[in-house]
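Encoded as structure tokens, the following chain is the form predicted on its own, with no partner shown.
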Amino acid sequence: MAVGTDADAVLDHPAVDTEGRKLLTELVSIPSVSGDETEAAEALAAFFEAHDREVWLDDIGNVRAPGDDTVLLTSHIDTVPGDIPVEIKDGEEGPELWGRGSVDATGPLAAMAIAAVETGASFVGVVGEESTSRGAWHLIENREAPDAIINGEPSGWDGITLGYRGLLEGTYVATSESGHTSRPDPNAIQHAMSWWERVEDVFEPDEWIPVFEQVTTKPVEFEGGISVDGLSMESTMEFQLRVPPERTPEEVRELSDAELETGTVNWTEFIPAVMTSPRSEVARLFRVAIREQGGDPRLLRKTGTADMNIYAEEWGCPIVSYGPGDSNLDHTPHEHLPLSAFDHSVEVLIEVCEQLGVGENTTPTEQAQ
């Protein structure tokens, strides 16, 4: 059975029968593509206001609800583009909420908001994670480090993410004289293609090594053709290299630059990889809480990059990523979340926060900037 995409109709579905499920459904029903998160942020802030929590939208649009800084619960408000009708469907695990963001990462975001209200933990919903991580960077610059961070990303309610690869981004640019296409000399487009093929060869995938431990290459945008004045051929390529913890960014850049014969590369951004210990107290408490909910804990390493990388590098406090949802559904047309998994994740988060001591210190310590 499925209901239509009218938000009120979905909220009236009999499966949306708890405060947490209602908040989740409401937030998924509000489009929040990166760069256009204000309406969803205001709805999230209204939830905290309804529970008498101090809350505000900061200068960049993050939702800030300071509390006990023993734990900071944080996830991102924004999603990638994609119109998936918001509806409740029957699934193998019971009712499922379909819609963009239900997994990445409105599900984790809503679960953390509920846990923050229940325990008094500090909370921040950040903007821009799917683009430039501008919300996380702003937070780093305008807030003291908490004692520990639980970063909201889909790991499955019975899994915790301990590591993410880093990210190197760059732009390749080349020009060549214009001429008849019958000439054998390579033009700027061919120069770009040749360099990229050599870079791919340097980091050729090895089927015997886990992807997390390899450098992977991906062009993300390409423009090429005759210049406006008609006197030259131009090419521009945006690209990304994912970097495992075992490789340094300097090494990866040097290996890529060594293949450069024509054109230039402007390296624009590097986010370092992160790999935390499964023996940390935060990780241990998650395993205990997951078992109490009837789950078999899983420890994960993700091949992508998240705000967790930034927090780990800049703040250096204990951190894991956690949240309901199958990350294989991230950014796909099939994004959906079993509501039972959402419920389990809320209980796990509450238990971990309480075991870490949230509530014993109720004085907000966040800088109100």
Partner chain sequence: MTDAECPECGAEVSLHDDLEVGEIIDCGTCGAELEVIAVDPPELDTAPELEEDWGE
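Numbering follows the first chain given and starts at 1. Quick caveat: nothing in here was measured; it's all calculated off a predicted structure.
Absent from the display: the form predicted together with its partner chain. The rest refers to it.
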With the partner removed from view, which of 29 to 37, 320 to 328, 47 to 55, 63 to 71 is the stretch that lies within 4.5 Å of its partner chain in the predicted bound form, judged by heavy atom distances?
320 to 328
So, 21, 341 and 347: all three within 4.5 Å of its partner chain in the predicted bound form by heavy atoms, or not?
no
4.5 Å heavy atom contact, residue 300 and its partner chain in the predicted bound form
yes
For residue 287, is any heavy atom within 4.5 Å of its partner chain in the predicted bound form, or not?
yes
Is residue 162 close enough to its partner chain in the predicted bound form to count, meaning some heavy atom within 4.5 Å?
yes
Close approach of residue 129 to its partner chain in the predicted bound form, 4.5 Å, heavy atom
yes
Of the options 195, 172, 98, 212, which one has a non-hydrogen atom that comes within 4.5 Å of its partner chain in the predicted bound form?
212
Out of 281, 251, 257, 238, which one falls within 4.5 Å of its partner chain in the predicted bound form, going by heavy atoms?
281
